[in-house]
Structure formats: C-alpha cells, structure tokens
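Single chain ahead, written as structure tokens, the form predicted alone.
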C-alpha cells in the first residue's frame, strides 16, 4: 500500500468517528447505518454480473444498550486501526479479538471473534475502505500459484522478483494477504486454472500440466479466500487471461465457482473488486459422472436441498446450469474431481482437461 492510500484509510476512519461526535453536538442519538448482510438483501446486478447489497439497512444506534455497546466497540476499533496505520503495523483478525481484552473499557471488548470480524466488515462498508487498507489480515490461507508468471512483490525487506515456476518449489508461489502489492512483470500463460483441492492441484503439477499447456494453476483451497479471488481477478483483468474453475461435482463446489465468478453474500460490498464474472466452470459436471462412469457417492438430503436452492439462484439460472443440476438430481449422485484417477493418473491431464478446455474454446 502506498503512503497516500494509508493516509486516505486513516482519514476515512477518523471521519467516521467524527460523525458520532457531530451527532452528539446536533443533539442526535449517535448511530451508524450499514446494509443488512443477509440473503434477502442481496441482489444480482445484471449489468456487472455480480452480487451487490440491496436497499435494506440495519442501524446501530445508541438509543438502546445493545446499540450503544456496538458503537462503543466501533470507536475503540477505529482508534486501534488508526494507531496501527500510524505505526505502519498490521494484525490478524484473530489478534484483534484478543487485543480487545486489553482495552480499558470492558463494554468495548468483543465477546467472540465472529463479533470482531463483523465489526471490521461494518467498518469496510461504511468507510469504503477494505480491511487490507486497514492493515488487517486473516490467517494465512496457504493458497498458491504455479505457472509461467514473473512478478514483483513488496516485502518489508524491499522488492523481490519471483518466477512462479523457476523460483518456487513444488508448492508454488504463496499468494500474499494483499495481492494489490504485487506487480505482474511478464508471463507466457494462456489461461488460469483455479483448482479446488490440494490433491488435484498436486496431480496437475506432478504431471507437468502447467508447463505443457502454459497454465497458471491457482489452488483455491476449498472456498477461496479474498486474496485468492482478488489475484485471480487481477490476472484476468490486467493480463487478459481466461479463468476456468475445476472443482468437485457437488452443489458446494458449484458455490465455490459462484464465489469466484459472482461474489458471495458475506463480501457483496466488494464483489466488483473480487469477482470475475467471465470465469467458466470446467467440471466435474454431472454429465461427466455419467459419461465417464466415475466413482460416486449418493446425494445427501442437504445436497439435494442445496441443488434445489441453486435452481432458484440467479447465478445458476442458465440453460447450462439448469440442465446439469437437473441431471444431478435425476441420477442422485455426486463425485470428486480426484475420482478421475479411476481411469489412470494421467487421464485428467492427457484427456479430460484438454478435451473440456477445447470444448470451452480455451485451447
């Protein structure tokens, strides 16, 4: 982050706290309004193809004991974040929760980490500043990139250049918590392959898929962290690389794809910053389960409910997704991406992915 951005983040925080004092002076009850972060207040913006918050708001007001506590915690959190920026330090979301126990007012302390996480989200929304700009970071996600990409990253010891094949081990380049500190230098990549599981990611690397097909393999590690989604979007937007998502064949993995492509309810205020609507889903498709007779597990009741819910989800209301989801409900089965190993360890890189990528117009 540049010094200008740090100053802007600090000013936004101070301005927010000053609003409470201005309300006092005007004889108003201090309050803070934030969008209601529920499924009922999420709208699909057809222009940008991402999830955004609707018009419903929740008000944190000092006219009740509960509301007054929330505002008190907000003021203490703002003070902490401003000092953190002044000192050019950072902290984790977990540390913020524990740090609050040292605050001199017991009422300002958080009851659990969910509460402190929610407070940071509130401050992001009302200030228009991301938590990365606050120097707040989650625990390391461990997500990685492997492929023909040369980049420069900022560290506390200065800049360093890294090639994401030649300068890394088998584990790849670990994505930092704030990918906006990275500068892309040059690349020989043709597309991005975002992979859900570590086992499949390792199979692709061992088989040399990144080298043979000039692929940037991004390990999502299940539901992807914000940093993973952000760097994927940057790679697409700045390097004009197609994004593909390779995940398990179940409703929860379809939602992983949805979070990459369209955003999520929890971070809908950042959808245009994190989501890549052009991302395409490779598989595992329900049609693959049938065509390749893959090993399967039966759908559970929760799987069925999730699939039926996805049929009502605007993100999945396309001919392709309706056909695939209805097929899955019909066969009553799900399958993992590693089930492709039933046809041999090389099948996924020699046959499945090349054929699917060719069908999708990527290769």
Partner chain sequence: MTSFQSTLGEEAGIAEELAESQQAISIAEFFEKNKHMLGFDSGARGLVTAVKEAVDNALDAAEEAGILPDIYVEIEEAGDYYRLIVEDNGPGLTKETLPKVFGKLLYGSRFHAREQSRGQQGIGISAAVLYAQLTSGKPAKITSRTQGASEAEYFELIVDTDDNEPEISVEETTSWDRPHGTRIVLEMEANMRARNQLHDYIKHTAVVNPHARLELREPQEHFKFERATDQLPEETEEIRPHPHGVELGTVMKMLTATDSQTVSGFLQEEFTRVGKKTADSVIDEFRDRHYGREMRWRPPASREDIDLHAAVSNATSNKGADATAAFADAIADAVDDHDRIAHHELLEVVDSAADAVEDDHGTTFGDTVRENAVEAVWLALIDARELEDETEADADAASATDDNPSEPDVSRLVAGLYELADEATSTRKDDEVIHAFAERFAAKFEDAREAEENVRHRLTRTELEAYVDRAADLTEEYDDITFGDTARENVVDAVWGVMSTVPDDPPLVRELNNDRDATSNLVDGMRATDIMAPPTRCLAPITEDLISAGLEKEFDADFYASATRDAEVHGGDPFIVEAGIAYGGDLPAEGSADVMRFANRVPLVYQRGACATTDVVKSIGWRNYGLDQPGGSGLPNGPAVIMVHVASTNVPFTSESKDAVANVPEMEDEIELAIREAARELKSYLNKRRSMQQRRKKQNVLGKILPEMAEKVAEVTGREEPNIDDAIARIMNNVLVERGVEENGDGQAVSVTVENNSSTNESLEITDIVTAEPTGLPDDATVVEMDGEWFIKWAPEVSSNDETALEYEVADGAEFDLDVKGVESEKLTVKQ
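Numbering follows the first chain given and starts at 1. This is a predicted model, so every value here is computed, not measured.
One more form of this protein, predicted together with the partner chain, exists but is not displayed; see below.
Although the partner is absent from this view, residue 29 contacts the partner chain in the model of the complex, with a non-hydrogen atom inside 4.5 angstroms. Though the partner is left out of this view, residue 69 does reach within 4.5 Å of the partner chain in the model of the complex, counting heavy atoms only. For residue 64, a non-hydrogen atom is located within 4.5 Å of the partner chain in the model of the complex, even though that partner is not displayed. Of the heavy atoms in residue 153, none are within 4.5 Å of the partner chain in the model of the complex. At a distance of at most 4.5 angstroms from the partner chain in the model of the complex, all three residues 14, 22 and 76 contribute at least one non-hydrogen atom. You can rule out all but one of 176 to 184, 266 to 274, 104 to 112, 242 to 250: in the model of the complex, only 104 to 112 has residues with a heavy atom within 4.5 Å of the partner chain.
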